[in-house]
Each structure stands twice: as C-alpha cells, then as structure tokens.
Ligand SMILES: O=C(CO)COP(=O)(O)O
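Presented as structure tokens, the chain that follows is alone, the form predicted alone.
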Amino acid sequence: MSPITEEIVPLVKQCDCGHLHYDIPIEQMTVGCDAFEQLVAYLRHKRYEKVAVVADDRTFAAAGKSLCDELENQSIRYTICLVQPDENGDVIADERSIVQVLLETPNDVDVFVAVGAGTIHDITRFSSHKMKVPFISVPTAPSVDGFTSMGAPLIIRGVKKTIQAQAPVAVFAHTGVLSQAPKEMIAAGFGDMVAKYTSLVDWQFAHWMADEPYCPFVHQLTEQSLKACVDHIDDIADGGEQGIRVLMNALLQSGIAMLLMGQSYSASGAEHHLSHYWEMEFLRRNKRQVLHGAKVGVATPMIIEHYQRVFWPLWNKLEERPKSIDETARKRLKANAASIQKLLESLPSPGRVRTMLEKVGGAALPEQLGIDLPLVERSLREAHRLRPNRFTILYFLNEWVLGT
C-alpha cells in the first residue's frame, strides 16, 4: 500500500457522512526514480506472466521502450499495442482505438499496462474492464487526475460519455519520465487541479439543491490536493523533481477521492462540461485536439465569472418574481442563501486563476486554445446537457431558472 492510501484508509473508516465509500483496489503506488524496477517486482509478486502494453508512438518513446527493455531483461512475456492516431495526428479515446486494442490483445493476457497520459489510460481502462483483466498505470506526464479513478471518458459516436470501468491495481510513476514531459502537459495537470475550485462549489451546491450524494471527507481530500498545488506553484512552474512529485501526488489523490465516491462529483463540474463540449466541437470541425487539462484550466475562471455575473442578479429577480422557479427549489435557495453566498465568495478571482495558469506556462484564455467566442457562448448555454444527471450551478441557471 502506498503512503497516500495508508493515510486515507483509516480516515475513510471514521467518516460518518452516511454514503457508501468504495474500497480502494490500488495495491501499490510508486512515484520515484525506481518505478520500473518496482513494477517488475510487482508483476513477479502477482505472478503476471503475460503482459499487454498499451501506448502510442510518443509515450512508447518516452517510457514504453525502457519499460519493455526491463520486462525483456526479466524474461517477462509482453505484447505491444501502439494506438494509432486519427487523420489530425491525435490519439482519441473512441470506438476505433478501443477496437484496435481489443483486436491486438491476446485472449490469455494476465494484465494490461497503460503507458501514457489520460487518453491511453481511458482506452486501456475500458478495454481491460471489458476483457475482465486488471490493468497497471504508468503515467508519462502529470497531466490529469484520472489515473487512479474508475471513470473512462470516451467519445462514442461523436459524443463524450464517461463510462464507469475500473481503477488500476497499481500505479508506477517514474519521476525521471514525468520531469521530461512537455511543459504544456505539466501545465495541463495544474489546470486539472485548478478546476477543483469550481467542481467543489458545484458539488456542494448540488448537495443542497438536488440532494446529490456528498462526503465532507472526499471534499477535504480534493481540497488538500488543490491546496498542495497552489502552495507549490513555484516548484511546479520550475519543472523540477520536487514540483513534479507534488503535482503527481495531488493528481493521484484527487483520483482516489473520486474512487471513494464511485463518481467524479468532487473533480468534475461545469468547467469539465465546457471542456467536453469544446472537444466534441473540435472533432466535428476536424480540428486538432487540445489537452484536457488546458481546456478545464481555461474554463475554470470563465465559470467563476459566469456564476458571479449571473447568479446574484438572478437571485434578486427571483425574490421579485417567486413564481418564476419551482416552489421547492425556491425554498431550498432561500434556506441555503447565506451558505451559497459564502460558497461563491470563497472562489478566487478569475484574474488570480489566470495568473496561476500563466505562471506554470499554461493558457489562460479560450482564444489561446483556438476556442472562439461564439463557441464559448454556446457552451455556456448547452454544455450542461452533456451530463444531464450531473447537477451544477450552470445546470441550475440554464434549466431551472433561465429555461434555455
């Protein structure tokens, strides 16, 4: 068991929120320069003899080749599936990639090893789950918080859907590999953590207004991960081992928080819905994709601005025209008004978030990612519909009040 899970498991047992907490199936998490040696030792311990390595051309060059050399030196049998990019050169977690992995993986494989960032993990997570085989995570960049989660966000028939699959049985993150990741991927990981500002606010609001399951301990875990990144922003911006280790551990802990709930409430709110909407639109336009963390990072200050601009003027109108909203919702709003105000006031200013994103070398504005104003405006009206079962303040504003 890793230090992170060793600390979390006893605290989970003390939680009295009343909601089901899922077990953490991750048996080992290593973040260090000996990660590949530890991975081989783990394979030996588990008696996994047939390994299916999944990567793409870039992640194989970054880590897959070294890992396969280590497997060969230890006489561990393995196959390699290099997921092919689309016509734009992007590897997409869609039907084509999943079918490729399923076709190229032997039926008698003992374990998958995902060597890559978020997309390779999503493809491997779903494929291994369908084959009823465990998978091991080998991140090649500290770029997303989904490494340790169960959810696999996939593009199915052009629509982004998150499918609950399985968490890895182990994670081996080589700090040497992570430190060599492109700077924009490190910035994307920071962007995925900054997104917790709005996702946590959306989750708390959803609990008050729509009885969404909520756990203060999971909230605290996620908030701690966010704070660690903000407190060490200079280290992360420098790209040294200390900053990379802090960022990677924060991303892993955020993923474990999702794992405990069995859903991504704590880590994914309206800012993620905007990101998914933009991703789908880029696919429709046949444009090159943008890193997930870059999109949610840019979306976060936009959502903060939108909530601050729309919510309180709307609240005043509701007081004047109480029949413009469902009576039950109006009562809940009124009962929680002080708490909601405090919640929204706890958000950092959009300018501060953008400054942080720029400091780590990330984009701060949508136009820097090729996202035009009409697309931004449309996403603020429509993106919440991508996950109609996920209640957010954006969903509330558009569906319960504005009726777009």
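Since the model is a prediction, treat every value here as computed from it, not as a measurement. Residue positions are given as counts along the sequence shown, with the first one as 1.
One more form of this protein should be noted, the form predicted together with the ligand, which is absent from this view; the next part is about it.
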{"item": "Residue 153 within 4.5 Å of the ligand in the predicted bound form, heavy atoms", "value": "yes"}
{"item": "Residue contact check: residue 225 to the ligand in the predicted bound form, 4.5 Å heavy atom", "value": "no"}
{"item": "4.5 Å heavy atom contact, residue 300 and the ligand in the predicted bound form", "value": "no"}
{"item": "Exercise: residue 264 in contact with the ligand in the predicted bound form, heavy atom 4.5 Å", "value": "yes"}
{"item": "Selected contact from 187, 173, 258, 247, since only one has a non-hydrogen atom within 4.5 angstroms of the ligand in the predicted bound form", "value": "258"}
{"item": "Answer range among 188-196, 205-213, 102-110, 305-313 for contact with the ligand, defined in the predicted bound form as heavy atoms within 4.5 Å", "value": "188-196"}
{"item": "Residues within stretch 142-172 having a non-hydrogen atom within 4.5 Å of the ligand in the predicted bound form", "value": "145, 153, 162"}
